[in-house]
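Read the single chain below, which is given as structure tokens and is the form predicted on its own.
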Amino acid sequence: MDEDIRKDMIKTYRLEFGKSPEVVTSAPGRINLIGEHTDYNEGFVLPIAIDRRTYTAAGIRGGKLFIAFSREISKKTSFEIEAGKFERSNFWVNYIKGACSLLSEVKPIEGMNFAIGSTVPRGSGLSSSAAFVVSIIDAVTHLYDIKIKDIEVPILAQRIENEFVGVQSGIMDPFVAKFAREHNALLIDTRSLQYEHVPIPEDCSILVCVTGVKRALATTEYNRRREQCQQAVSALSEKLNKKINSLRDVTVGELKSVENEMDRTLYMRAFHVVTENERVVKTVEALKKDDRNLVGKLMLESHLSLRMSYDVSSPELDAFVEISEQLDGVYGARMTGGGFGGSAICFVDANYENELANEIARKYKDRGYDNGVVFIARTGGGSHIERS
């Protein structure tokens, strides 16, 4: 954990609550190397935690009142929780209320103080929300000695996003926030929840290209894509005359065999998910063989599929990918995260990372986009309890 930020969060907590926190927890943001919109379809994903994190300083205050302060928006709010009752409030507070509400069903808890700070850019497709909620869960379970298994943390975090925040996200983001390892990607089978750490070549780097276009998944078509995938499952079950629980159960050959019988939009959504699962498996094989050119080719194929079949890209994301693909030293590029803005990533030769970051940022601005930022993302570890 970054020592300066840890100290800053302790100082912030003292200023807001007049005493030191009892615990400081942190969880990482993430980029997804490949495997987009497959996690809520029980597919494969290959995310990587980055060295930008969300920090929660927390302590028990007693009584019924919970108070939370966000450093990023300089706002303090309070709430109470009641078993079986939940009222939505400010978007960011719903994560805390949801965590406290669900954990109070495991073990009674009293009021708490929270001070939250983050180095993960909000609304940039780097999963600031999962980093936030995992750090909250870790803080509450630590302070009240609530015994839950590690595997239950991402499951709980996904439930909070789905039920309390209103984003029908999958399990990938909180899973990598909990189980990531430095210098590795994390292959996750989102059906079985089995996972494998996959080393990243030491002489490769990842650039994050932040478009400057903020997007909140709950107010975009993210939830609509999930609905369309479920509609595609129903249609394919009928057309193929077999039981299909998710798009994970469909092969490319089966899908193509009924292409002319399906609604075109539903077919395209399914085509992306089914082929993306194949790309994840091939990318893992390529990384193990250190075939970085194949990794880059698969990344570009993924982006084109997200743009044309899944329709979640944007002009800004496309611009970053187009610029990057023309530069020597870039193996591949694609959008990352839910889409509709946010960020793209580049898989590059580490020997030229600084030059490439500057060149991509310059060319992006030359196209008339003034709010873009490009930074080098170092790999990070999973959630961490720092101080008690």
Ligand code: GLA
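Bear in mind the structure is a predicted one, so any value in this text is a computation, not a measurement. Residue positions are given as counts along the sequence shown, with the first one as 1.
Quick note: we don't show the form predicted together with this ligand, though the next part is all about it.
- This ligand in the predicted complex is approached by S169, whose closest heavy atom lies within 4.5 angstroms of it.
- By the criterion of a heavy atom within 4.5 Å, F347 is excluded from the residues contacting this ligand in the predicted complex.
- Though the partner is left out of this view, Y222 does reach within 4.5 Å of this ligand in the predicted complex, counting heavy atoms only.
- When contacts are judged by a 4.5 Å heavy atom cut-off, H37 counts as touching this ligand in the predicted complex.
- Distance criterion of 4.5 Å from any heavy atom to this ligand in the predicted complex singles out G337 from the list G29, G337, P47, G332.
- Only one of 321-329, 350-358, 53-61, 37-45 places residue heavy atoms within 4.5 angstroms of this ligand in the predicted complex, namely 37-45.
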